[in-house]
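Below sits a lone chain in structure tokens, taken as the form predicted alone.
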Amino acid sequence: MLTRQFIKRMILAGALLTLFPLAQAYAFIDGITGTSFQFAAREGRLSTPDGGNLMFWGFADITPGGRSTVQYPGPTLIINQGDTVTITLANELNEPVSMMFPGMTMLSSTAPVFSKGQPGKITSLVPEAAPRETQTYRFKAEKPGTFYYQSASNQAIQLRMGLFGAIVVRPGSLGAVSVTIPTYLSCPPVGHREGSGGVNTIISAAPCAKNFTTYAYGHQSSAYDREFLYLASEMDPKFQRWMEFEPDKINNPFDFSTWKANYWFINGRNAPDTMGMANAMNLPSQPYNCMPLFHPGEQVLIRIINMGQDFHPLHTHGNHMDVIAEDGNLLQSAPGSGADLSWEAFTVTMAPGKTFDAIFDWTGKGLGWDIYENTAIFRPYEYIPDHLKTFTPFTSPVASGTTPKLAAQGLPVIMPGIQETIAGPNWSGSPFLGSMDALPPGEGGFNPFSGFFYMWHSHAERELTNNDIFPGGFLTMAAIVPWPATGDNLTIYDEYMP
């Protein structure tokens, strides 16, 4: 029954994808910008796809014009290198709360708080806001990268309850950089959107340079077209119930040796809600989704943060990712050398309290067949050695008792007949990017514009559940969306890909 529910949600997500511009929901990191903020620490409730409803503590942006609803996780701060940021925290909870900003240069006090003034009995790493009082924090963002903020008070409780959020620091200089495209890849179309906007028009097969206006760490090795956030966290529903219903926590403390996560979140949601629309009305305290969408050849920056206490192995199907930074530091051997110490990974182990930045791209390289079904036109960043290679290997029908003759080019794979397949969500019926074939009766409409879908998920299978119910948890799909081509229905994508 749950599998049917999961499929229905996937179909709904696909339907919504056709109705709303992705520029408003998917293909960027959602957050708040500026240099002066007013936050409130509040109690809230979140929903899980298995029908769960859990109490949490979180931060709300109560800046005039802000969202004001408490969030899990807290609002993502998107600021610029060199900014001096001021956050005034109003505490609406019944115990002291504070905020700390690892990796930032603090300009306000960082004096710890001791219980009754006694050294050795620390209650907070930084000054706190007492219940119904405020505290102000000021810091300077000295360097670009991926960071986070969190409570520095009673962390065993407050971090498990959700008092944390992401920080994205943009580099101070956004001047264009040029990266030479390898000779085996075709050029992008003129006006390709490399972060600055434009319209896809002409496609050429000649090698060329790729011009970026967006990069993460002020060096061309961190240049990217699109970026997505993966903020991991987890909850034990027993602990959440104890927090909500235990009236005497002093005499009946929670035994943290028994704490064991049974819900896993990406950006505050469990699958399949990770793939729903951002700012969905049915998830008022969980506004952030995680549904990477990108074109072949685009450089995708994945900003990875683990705010939980468990290790999470993030696994990307489709290709390796190139890890270029850790904890907001570009992996370089010397200043200005770029990410020459980067490393490739098919799975990145997300350690608690760490951040990673990784670049992912996909061109179809290595498949051994033309991903566009032998269309004569070169598509942007198509892997040229496989252009026009056939998918089915036989040049003529196979006579009885003879050895099949393979085609001169092409991967020896034969697709099963329609009567031998079971269509799943987001499959166009075709193995080709940008093409559609007939689907079994009643199974149409999953993927009306085609594209390849890969599961990006935790490689710890237990984390693919919601309170022991499969599927769910730390899971989402990444979609490789076809480039527009003049004269076919793929131009519809130009409306949805910013």
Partner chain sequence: MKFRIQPSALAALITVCVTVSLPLGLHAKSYDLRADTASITMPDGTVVPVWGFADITAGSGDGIVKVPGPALDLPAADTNLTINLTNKLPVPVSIYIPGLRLAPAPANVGGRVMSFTAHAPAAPAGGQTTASFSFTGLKPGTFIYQSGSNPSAQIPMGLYGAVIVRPAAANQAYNDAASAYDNEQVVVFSEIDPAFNSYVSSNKTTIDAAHKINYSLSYAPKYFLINGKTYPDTTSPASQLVAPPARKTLLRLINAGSQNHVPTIAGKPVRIIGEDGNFLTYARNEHAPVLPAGKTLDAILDLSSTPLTEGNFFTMFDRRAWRASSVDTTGSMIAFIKSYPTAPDVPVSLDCNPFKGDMNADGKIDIVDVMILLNKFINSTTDPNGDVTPVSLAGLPCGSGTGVLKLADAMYVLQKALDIN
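Positions refer to the first chain, counted from 1. Nothing here was measured: the structure is a model prediction, and the numbers come from that model.
Another form exists, predicted together with the partner chain; not displayed. Remarks below refer to it.
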**Study point:** Among the candidates 280, 384, 93, 157, the residue which, in the model of the complex, approaches the partner chain to within 4.5 Å (heavy atoms)
**Key:** 157
Exercise for review: Would you kindly say which of 370, 128, 298, 227 lies with a heavy atom within 4.5 Å of the partner chain in the model of the complex?
Suggested key: 128
Review point. Is there any non-hydrogen atom of residue 244 lying within 4.5 Å of the partner chain in the model of the complex?
Key: no
Review point. Does the partner chain get within 4.5 angstroms of any non-hydrogen atom of residue 110 in the model of the complex?
Key: yes
Review point. Residue 102 near the partner chain in the model of the complex, any heavy atom under 4.5 Å?
Key: yes
Review point. Going by a heavy atom distance of 4.5 Å, is residue 84 a contact of the partner chain in the model of the complex?
Key: no
Check your understanding: Any chance all of 115, 254 and 351 sit within 4.5 Å of the partner chain in the model of the complex, going by non-hydrogen atoms?
Key -> yes
Review point. In the model of the complex, which residues of 320-338 put a heavy atom within 4.5 Å of the partner chain?
Key: 326, 327, 329, 333
